[in-house]
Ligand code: NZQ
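Below you will find one chain, with nothing else, as structure tokens; this is the form predicted alone, and questions on how it binds or moves follow later.
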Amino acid sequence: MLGNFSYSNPTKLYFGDDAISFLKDELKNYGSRVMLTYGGGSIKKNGIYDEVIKALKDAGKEVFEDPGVMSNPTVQKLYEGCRIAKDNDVDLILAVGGGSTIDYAKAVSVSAWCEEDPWDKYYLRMEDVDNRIIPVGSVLTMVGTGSEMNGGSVITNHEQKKKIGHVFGDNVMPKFSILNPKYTFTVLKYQMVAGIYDIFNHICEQYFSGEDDNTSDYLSEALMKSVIHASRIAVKNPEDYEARSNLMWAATWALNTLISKGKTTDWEVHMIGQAIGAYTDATHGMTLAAVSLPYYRHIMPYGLPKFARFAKEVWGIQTEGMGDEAAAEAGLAAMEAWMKEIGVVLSAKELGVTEDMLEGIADATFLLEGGYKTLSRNEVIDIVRASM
């Protein structure tokens, strides 16, 4: 049965190879002081930085740069960004990069004017925002997280060995996002593939949960098939515009809150993956890939009909006469074959996980109740060990 829900998404998107031309129109809606945040400098090599700076200068904006956002943004970097934003009283934070940069921008947007430690308030206590919020806009250069059209923000605290996401409300979502598939062409293949699996797992986290046979499930199956098809083209030809366009659009719809409506949703793969990331600083999508198959094989008996449906509807397996268990196993085997085909990491050991980390990773994993089974701490250890 489809559950009760409300739906709203205020982010305005500009999609296509001329999407950046609309940045000037959006900039008119904000004051003169803009904080420009980005990662390690690749946008300067590929020309995106120059395009963005030109738009900002043409719009008469004073720019305060905040480079160096890492793939897993840290709480120390958050504090640094808050100082830049507050000291310069910026009117807009413009994030140019992938999901990590946009996640970081949203964290700064709610934290710069917070009167207490934002890590404690938002990431440990999960409290709502009750202070001034700086608007965020984004120019997307790597797909996967869907951060360009949601309120999510993940921050890592290495000292506490915690990587935590907070899903903020509509007022923290980017006001606008620029999506040009060509901006993703120069992303390293490892990062592209990690992003592809991140997209796929976002859909799985919502699909493999409670309520079955509703519109959200049909949308999820179509999105998964689109990701599978486009990924096979993109890994062979990273500059295939149609494939990269479909991946970019699927990533946005995978996590802009639409397909979660009427679902309890799971997110335990993300909880385990983020705990691994807190210990290893590994690429997010690869941590998900490493633990997915052990996790899904562990919970499969508790959601057998959906896993059997997954085999038939997503992977096209002829399941008639197989029985649910055999069909479900065939579906996960097909998923594993695809993961090997596109080249994601399937072993947590390859990401730096060692036996002596297992207890700590289990302690850092939030145990959620939305999936087919609520894990125990020992089950988390077993799943991570199986992923090695």
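For every residue, the number given is its place in the sequence shown, counted from 1. Keep in mind that what you see is a predicted model, and the values were worked out from it rather than measured.
This next part talks about the form predicted together with the named molecule, which is not shown.
- This chain is displayed without the named molecule, yet in the predicted bound form the stretch 101-109 from 309-317, 117-125, 130-138, 101-109 comes within 4.5 Å of it by heavy atoms.
- Among residues of the shown chain, N157 is not one whose heavy atoms approach the named molecule to within 4.5 Å in the predicted bound form.
- Taking the partner from elsewhere, P73 is found to have a heavy atom lying within 4.5 Å of the named molecule in the predicted bound form.
- Using a 4.5 angstroms limit between non-hydrogen atoms, G47 is distant from the named molecule in the predicted bound form.
- Contact check for G152: a heavy atom falls within 4.5 Å of the named molecule in the predicted bound form.
- This chain lacks the partner; the member of G31, G352, G360, G40 within 4.5 angstroms of the named molecule in the predicted bound form by a non-hydrogen atom is G40.
- Site annotation in the predicted bound form: the residue of T252, S216, Q274, S209 reaching within 4.5 Å of the named molecule with a heavy atom is Q274.
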